[in-house]
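We begin with a single chain expressed as structure tokens, specifically the form predicted alone.
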């Protein structure tokens, strides 16, 4: 059983008690040596179990060192499979070789999902121009003016510019894929400078969804990052744990549990590291000198709730209404069927003054909720009655209670 915190103050004012908590924390020995090692911001010296992918990407970009434009590359893989960290490592090492040998190559990394950085066409171009030391207003200029400015600066630099666009699918979803066509076709007009693209995405079908003319202009190569297995995740966790915690804090049973849980959830290294870090924070809160299995269980529950609630918050309004219908109906019957979910969904839309979507579109939203792990749905045969989709909730307990509280605060 996890030992409860001893920080209980039966006497004194709130202010005194809060101050005492801070003073106690300041004096006590922490189990962490460097918590930063377990965050996304940490850049490891050695990336484990990704030699093949690093070799593929390095080999694809290497021709730039001899003055040849590298092929465009698309990097696919689920969350936490090492796509971003590997790309950053390759670009960092390439730029070091370029700088040491004074070669005409420039590397740029941009996360397209960062708000107010590169989440619109205008901001993307403004960010790219800033990488060359060119400032433009936050708004006001036509995008074709920004394109011309950027292409001129690439041409004047005389460099091969390699642009890595992380979460590229988020930008395409928001503004379309015309910008990809513009970037690839401009190479026919440039003589001194050239542009190569690296697209990084979680969507395995991303390329198939692009416009035909964009596909033909890209001429891309593909690199796939497969999910880590439990043994690989264990190696990654030990690599970080030795730097993150003081000796004796973490034992093999804790690492094994974090690795096993993350392996079940699509082999996500980021998830494994979050689990270990959160378990460490919980252990410290309970004044434990080491991380126990119970702390990992508590961390898993907390992260699951945080992830589910964030996914629900980010859902489009119509998808939230569909989920609200499922939550209401699930109190009375299980499994549910599309027709009854659609009926309840329309009732919720009418109560909230929203025009309902068609049942076909609702099926698409059900697929999205299934992909997020919030519901489970599959089509079953009913013999001569045809085929029906059966729907059940995948969340339960405290997570379900929190989801209901979140949704029904703004849905009637």
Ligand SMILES: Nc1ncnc2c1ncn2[C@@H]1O[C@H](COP(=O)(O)OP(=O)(O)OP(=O)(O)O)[C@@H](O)[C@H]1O
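Positions refer to the first chain, counted from 1. For clarity, every value in this text was computed on a predicted model and none was experimentally measured.
Keep in mind the form predicted in complex with the ligand is missing from the figure; the text below concerns it.
- When contacts are judged by a 4.5 Å heavy atom cut-off, residue 42 counts as touching the ligand in the predicted complex.
- None of the heavy atoms of residue 280 is located within 4.5 Å of the ligand in the predicted complex.
- Remark: residue 349 does not count among the residues lining the ligand in the predicted complex, judged by a heavy atom distance of 4.5 Å or less.
- Residue contact check for residue 270: one or more of its heavy atoms lie within 4.5 Å of the ligand in the predicted complex.
- None of 234, 159, 240, 123 but one reaches within 4.5 angstroms of the ligand in the predicted complex through a heavy atom, and that residue is 240.
- Between the options 187, 152, 202, 182, the residue in contact with the ligand in the predicted complex by a heavy atom within 4.5 angstroms is 202.
- Segments offered: 248-256, 126-134, 76-84, 308-316. Contacting the ligand in the predicted complex at heavy atom distances within 4.5 Å is 76-84.
- Contacts between stretch 115-149 and the ligand, counted in the predicted complex as any heavy atom lying within 4.5 Å, involve no residue at all.
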